[in-house]
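As structure tokens, one chain now follows by itself in the form predicted alone.
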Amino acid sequence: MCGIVGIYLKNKKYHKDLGKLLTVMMNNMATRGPDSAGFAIYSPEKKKKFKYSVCFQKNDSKSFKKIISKEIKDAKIKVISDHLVIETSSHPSKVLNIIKNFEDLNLVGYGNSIEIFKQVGNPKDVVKEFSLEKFSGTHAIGHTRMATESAITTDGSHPYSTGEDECLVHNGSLSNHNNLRRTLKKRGVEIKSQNDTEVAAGYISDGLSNKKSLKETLIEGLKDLDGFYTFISGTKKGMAIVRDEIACKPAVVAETKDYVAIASEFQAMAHLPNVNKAKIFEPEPGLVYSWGE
């Protein structure tokens, strides 16, 4: 049992409040996943700029900042708790190679639009640690985890990102993730953890890299991904949700002219603006719903 949430803002007037809206959604899902939490924030992309979200463990962030600033002259770096976000015009091929040289660093996501933060602990504490309420943006996805498939570590926390500006959160479990992991690795998809969700994220990024849309990829996933699951996946354009064809994992959607919100339980969305006027529905099994894509 995990908690998943997502919100896509149609109305720009709410962009400044994205973090505040997501904070309450995450806090209200804390009871579904007390082990760890994480979230992905999407903001309007800056042309020719990339952002890299990095989690450091034993490394001294000050020394790392010095090295990055030396290697990448235009790097802008912000530190939030045990995460760094590096913004630069340097191509990913260069920056990713630099990051890989640091054994105690974990790249959790990168792209033109995305920033990802995740940490072990009670979701309410994690949200507070990263000051989520201060973030702005266009859409966001979050997760509160009850560990089942792998250890309680940052590496085992969601969201997972295995491609540029792509991420996934998941409630459920996959039965064929080991075979699929081997197949994806042969195709060049990098999967670092033993978590089944990262395999699903790799499946999605593999589909996107082959010029398929997010919706097309998730539709194909219904026949390739075995198990019980509800996925919320994001790209810089928008987000999508899909439940497997048995649909034993809960989800509810609330849609107004200003936003679309998704959560495992309605209580996560009860505070949203004018939610009493929203179209509220449970996603049908085996159907993909997408917004902005």
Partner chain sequence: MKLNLKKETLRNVNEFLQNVDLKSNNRSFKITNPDGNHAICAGLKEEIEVTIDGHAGYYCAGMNMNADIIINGNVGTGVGENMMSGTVHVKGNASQSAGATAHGGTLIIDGNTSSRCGISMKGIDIIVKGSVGHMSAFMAQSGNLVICGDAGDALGDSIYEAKIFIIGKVKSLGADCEEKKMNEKDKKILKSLLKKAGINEKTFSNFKMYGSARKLYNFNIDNVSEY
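Positions refer to the first chain, counted from 1. In this text, all values refer to a predicted model and were calculated from it rather than measured experimentally.
This next part talks about the form predicted in complex with its partner chain, which is not shown.
Stretch-level contact check against its partner chain in the predicted complex with heavy atoms at 4.5 Å: of 258-266, 42-50, 64-72, 231-239, the positive one is 258-266. If you check its partner chain in the predicted complex, you find no heavy atom from any of 99, 107 and 139 within 4.5 Å.
Contact annotation for residue 30: none of its heavy atoms lies within 4.5 Å of its partner chain in the predicted complex. Its partner chain in the predicted complex is not approached by residue 11, whose heavy atoms all lie more than 4.5 angstroms from it.
Residue contact check for residue 250: one or more of its heavy atoms lie within 4.5 Å of its partner chain in the predicted complex. For the chain shown alone, residue 273 is not a contact residue for its partner chain in the predicted complex, no non-hydrogen atom being within 4.5 angstroms.
Contacts between 226-246 and its partner chain, taken as any heavy atom within 4.5 Å in the predicted complex, involve 243, 245, 246.
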